[in-house]
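You are given structure tokens for the same protein chain in two forms, set apart as structure 1 and structure 2.
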Structure 1
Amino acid sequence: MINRIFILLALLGLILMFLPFLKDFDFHDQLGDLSSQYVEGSINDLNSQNVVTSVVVTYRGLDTLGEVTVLFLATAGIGFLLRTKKRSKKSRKSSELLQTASQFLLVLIILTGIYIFLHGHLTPGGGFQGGVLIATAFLLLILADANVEFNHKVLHLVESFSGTFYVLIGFLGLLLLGMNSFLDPTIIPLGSFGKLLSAGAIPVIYSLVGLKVGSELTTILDKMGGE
């Protein structure tokens, strides 16, 4: 009974919290000044079809770098907390159908994840979405066989490589274009609008983000899957 009362109070609190936003919400027929600058800059300055990608990778690139750093700290924290615990061999195995399907789907899921972050400047998606999809491929392997083991040296190498080059691209912008050009994608030719090789360094940055997110989430899944 007490639990239900607390749940009702929590729901009431959320309603009261969001009620002013719903009450004062108003539809706009035109974009605001800032939104218009983002849309125009994405097309005219960056040659990127996906405005969201332009915002995430360039206009608020420091925030994205911070998000990747938070994910890295979470991975390091989980590895630190579970470092003294030995993985016990489990006798659990899933059905033969799932084991066979996981081996078949692994490559398809990884290729789809790569496609998503390579085309993040052209279509909805990007580094985070592609990286998460890659991690789900390895989660499928864990679900199919609890005793599966991953090569942690390769995972750490991919994570370190992608993170290091992500930061280096940022500093290249500072060195080549000036103090206000951290993570500026124009260090690489922008190419033709709507093509895969366009938007400068955005596809490269999103690919590095995708590899970093995928390797870090896979490490977390593997660490927690052994418990």
Structure 2
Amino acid sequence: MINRIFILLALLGLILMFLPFLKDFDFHDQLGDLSSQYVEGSINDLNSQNVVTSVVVTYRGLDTLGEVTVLFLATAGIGFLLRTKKRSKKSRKSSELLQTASQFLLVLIILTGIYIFLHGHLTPGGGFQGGVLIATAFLLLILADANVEFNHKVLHLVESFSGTFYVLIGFLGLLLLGMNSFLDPTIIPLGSFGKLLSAGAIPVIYSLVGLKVGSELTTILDKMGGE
């Protein structure tokens, strides 16, 4: 009981700390300097329609590399914690509807995921969203048959190759364009604004991110499905 009172008091204190922030908050009606520069730079320098993508992949590219590393570390941690010896064979059979539908939908969902990360510089979406979508396709497969076996060699190969090429493209910028251009997408011709082949290396980088996220999340799902 006394515990509960302390918790409520702590939350009340937190609300009191938030209140001035809410009261004094005023919405701007103009973009800040940095954001305007990002929007203009995305149009003029990068030929990328989706400004969020150019911020994620180019202007904050190093952050995204760090994020991919965090995701990799989490996957490694899960792999370390849940190294299973053998799958339990007692799993129930799922319904025929689910089994047939999963066979049918698998390819379609993977294709949609690939579409989303290839068009990351044109439409909402990108590598992370596409990768998660690809992983859901494999989740459907696990739901349909709990004993399904994935080819771990292929998963690890895709993951490590996409990660390596991501870093290599970053270093290619350093090599071709000089200092301060790690992960610069202008190493590839920029193409015309609004077409699939535009924005230089952004679609390439985002596709690699998508493959990496997809294979990592599939590994996570596979490990957790084994439990």
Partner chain sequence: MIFSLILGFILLIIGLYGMLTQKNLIKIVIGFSIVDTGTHIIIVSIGYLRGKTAPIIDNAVDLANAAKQVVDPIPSALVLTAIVIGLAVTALMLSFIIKLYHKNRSLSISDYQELKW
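Note that the coordinates shown come from a computational prediction; the quantities given were computed from them, not determined experimentally. All residue numbers here follow the sequence of structure 1, with the first residue given the number 1. Between two forms, the rigid core is defined as the largest C-alpha subset superposing within 1.5 Å.
Of the two forms shown, structure 1 is the one predicted on its own. Of the two rigid parts that shift between the two structures, one contains Phe6 and the other Thr69. The smaller of the two rigid parts, set against the larger, turns by 22° between the two structures. Taking the core as the fixed frame between the two structures, we note the C-alpha of Gly13 moving 5.5 angstrom.
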